[in-house]
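Shown here is one chain on its own, the form predicted alone, set out as structure tokens.
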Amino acid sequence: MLKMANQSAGVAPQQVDAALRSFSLRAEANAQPRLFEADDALAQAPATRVDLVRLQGRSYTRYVNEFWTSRQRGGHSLHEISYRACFKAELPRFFLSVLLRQADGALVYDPFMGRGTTLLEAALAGARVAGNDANPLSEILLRPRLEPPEATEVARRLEMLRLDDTPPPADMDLSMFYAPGTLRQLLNLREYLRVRRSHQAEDAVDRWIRMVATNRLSGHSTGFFSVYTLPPNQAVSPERQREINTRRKQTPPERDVKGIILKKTRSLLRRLTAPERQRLQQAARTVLLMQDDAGNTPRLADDSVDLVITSPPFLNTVQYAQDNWLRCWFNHLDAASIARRITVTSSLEQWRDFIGQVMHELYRVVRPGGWVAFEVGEVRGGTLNLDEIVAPLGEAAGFVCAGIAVNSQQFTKTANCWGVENNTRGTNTNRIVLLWKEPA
């Protein structure tokens, strides 16, 4: 069980209310949120709009502003690992600054950690971290970034690998994605990593190489192993890729697997400072990563978590296992088995029941005075705002809903490469329900 919560890390609801009402932000690129500075001439943001919304007979405060903006999408280079439906690092960074007096030593938890954005951002700030996700790919993508090797270590390890040898037989046809030489290299790398893990010999450098290779399996540029395909946060089916190849009159080109891994390694590490590396290593020593039901996490102690920042699956918006079938193949994971463990439903009632169970579990693990920032969006063509479902569920579990922060934006969260016009489809706002566990 993870214990030792920082009992002085939280802030009171009235302070959060004041911060959101007087929100201000520097205009420089990559600026950090600056709170409680409404009179800063360089930091004036449009005034936060404060609305009252009536839900199930109770009024909730909703704060609307562009709390983080497109010009600030300069998060740490270590975040540059694609994953379907992940939120930007600016979201957890903002709420770490708002909901903790100090991150150092606090325990930050994400029950749906995905690629690990919340945990990585919290660890960079000096917090202890814990995460949970039914998909084992989450740990594959996060843990190596908590213990990043030097690029020279990765280069030496890659030099040792004989990726051009005769590979083990392929267990599926991937010729629509990869040229023969590229596939040979991938099969040898896949087998090397399998053997290292099965012999319990996998170290931090191996885990890093696995993470980077997993991230480079398919994409739309020469920085990926595959021929041009759809965005790197999901893999299309082999049949769909054949159609893409025919339409574009393309054949998979040969790629240098080692070179691509090393180039991406250097890119991920380019902004990592010595103090940040030290903080990450400190977080890695105590990190707890689980693959449990988010509504039942017995390894987390009662009243142990200072802050939860998370986003659950949104009804049937994303098929997480289906989108990651190629990554599962590379890591010898059963995508169908993973799919059965991930709650993806088109039924609002089933989703409501699921979130209600999660809320009760979060109330158990969050310490008195601790916070939950629960991010959802709008679905069904913008006709259903999920924050209006979540806020009453949080209060039913025992939390006090201190408000709902809506990060409005002038562009859609759906990638431009899908050919979607701004604010017409996809999820176009972050809607964060802020829940506080009142001290006894």
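The shown structure was predicted, so the numbers you read here are calculated from the model rather than taken from an experiment. Note that residue numbering begins at 1 and tracks the sequence as displayed.
Omitted here: the form predicted in complex with a small molecule. The next part is about that form.
What is the one choice in W208, F330, F177, Y83 with a heavy atom within 4.5 Å of the small molecule in the model of the complex?
It is Y83.
Out of T265, T117, S218, Q241, which one falls within 4.5 Å of the small molecule in the model of the complex, going by heavy atoms?
Answer to the contact question: T117.
Residue-level contact is defined here as any heavy atom of the residue lying within 4.5 Å of the small molecule in the model of the complex; does L348 satisfy this criterion?
L348: no, not in contact with the small molecule in the model of the complex.
Although the partner isn't part of this model, could you tell me whether L193 comes within 4.5 Å of the small molecule in the model of the complex, counting any heavy atom of the residue?
Close contact is absent here: in the model of the complex, L193 is far from the small molecule, nothing within 4.5 Å, heavy atoms only.
Would P312 show up as a contact with the small molecule in the model of the complex if we use heavy atoms at 4.5 Å?
Although the small molecule is absent here, P312 would touch it in the model of the complex, with heavy atoms inside 4.5 Å.
Is M113 near the small molecule? Define near as a heavy atom within 4.5 Å, in the model of the complex.
Yes, contact at 4.5 Å.
With the small molecule left out here, work out from 255 to 263, 95 to 103, 218 to 226, 285 to 293 which stretch has heavy atoms within 4.5 Å of it in the model of the complex.
The contacting stretch is 285 to 293.
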